[in-house]
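Included below are structure tokens for two forms of one protein chain, each presented in isolation as structure 1 and structure 2.
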Structure 1
Amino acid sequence: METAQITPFAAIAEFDTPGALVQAAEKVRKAGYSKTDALTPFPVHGIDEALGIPRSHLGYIVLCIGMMGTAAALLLQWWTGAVDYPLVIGGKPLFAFEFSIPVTFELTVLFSSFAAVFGMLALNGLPRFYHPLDNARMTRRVSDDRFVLVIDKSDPKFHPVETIGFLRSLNPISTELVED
């Protein structure tokens, strides 16, 4: 039911094995599509290369925030123990690296983990409860056993009719033009 009136969001094609998806994806990239994506029930190896998706930068974010955790911990222990209210305890120094290690380590890990999780959500723009692809008939099974290839309308080469046609040529189970 492709007619010129409707505003398309993306053209999608459905496959039943990860292998098929990856093969198709390679062709799509070679065909010069860049605003592409794939919906899969589990991380499919090789899809990133196939679609030319760059590596994640999450690691750097985590590193920075982890370091902040380290600093925060050391500051906390030094300031509370040696500056704000210095009390002689067990004849030990007011602040010492030795007894600061455990708490410092823990806070580093804590900060890093928060960074990893919330960083990941942020990079993925989650939570996102509505998505045009939800309107597609086939996307329901991507969390089960289907593998869907997506070409976004923002792609310069995108054309409702031609793109669909191109996708059909990759012998998917089916194709669909998703409305916004």
Structure 2
Amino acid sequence: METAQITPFAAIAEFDTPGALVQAAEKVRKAGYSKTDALTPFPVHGIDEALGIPRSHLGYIVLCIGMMGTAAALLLQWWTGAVDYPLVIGGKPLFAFEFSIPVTFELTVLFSSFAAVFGMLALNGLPRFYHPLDNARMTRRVSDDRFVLVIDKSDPKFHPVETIGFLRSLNPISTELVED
């Protein structure tokens, strides 16, 4: 009879307060783990710094795409009014920046909105219809009143037995090795 090999996805530890989670995250980072995450029912101040998560690049993406919207709006209005179909009506100039402000603003907002939504989806790897943490017993209460610290198997320092032992030394409510 063959025994199935368990392929770990992550080691997780459950805490009952945000303060305990932040302290544990700081200890995990100081121990050399780098592929970590935290699951919480609400934003926890200081958790990003404790886990060593860098600032998001989404703002730069939105800024660049918004500027492309501005350029597209101005170029479109200039091309249609001054190059493709030039009409002098009442002595007006063929292109005047003042009259193009509403369209330019709207196209900038439109491009920025799409960049924010699609950039967020891409950076988060969404849509994701299945995740191994969905099967973990302790993640069921994360949306209610528990705080979970995750150490991913892709971490260079990850070893199932040693990592679970280290997490137990942080005094969590419980620990679990999640299967892939």
Partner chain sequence: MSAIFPKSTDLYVRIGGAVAVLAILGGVGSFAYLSHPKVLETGYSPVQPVPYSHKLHAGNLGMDCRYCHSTVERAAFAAIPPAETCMNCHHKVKEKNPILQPVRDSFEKGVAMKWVKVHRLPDYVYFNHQAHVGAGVSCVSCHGRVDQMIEVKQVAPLSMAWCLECHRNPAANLRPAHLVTRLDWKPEGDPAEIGRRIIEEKHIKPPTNCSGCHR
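Please note that residue numbering is based on structure 1, beginning with 1 at the start of its sequence. Definition used throughout: the rigid core is the maximal C-alpha set that superposes within 1.5 Å between two forms. From a predicted model like this one, the values you see are computed outputs, not experimental measurements.
- Taken from the form predicted together with its partner chain, structure 1 is distinct in origin from structure 2.
- With the core superposed, Phe105 shows a C-alpha displacement below 2 Å between structures 1 and 2.
- Core superposition places the Cα of Trp78 2.8 Å apart between structures 1 and 2.
- Structural comparison between structures 1 and 2 after rigid-core fitting shows the C-alpha of Pro93 displaced 4.1 Å.
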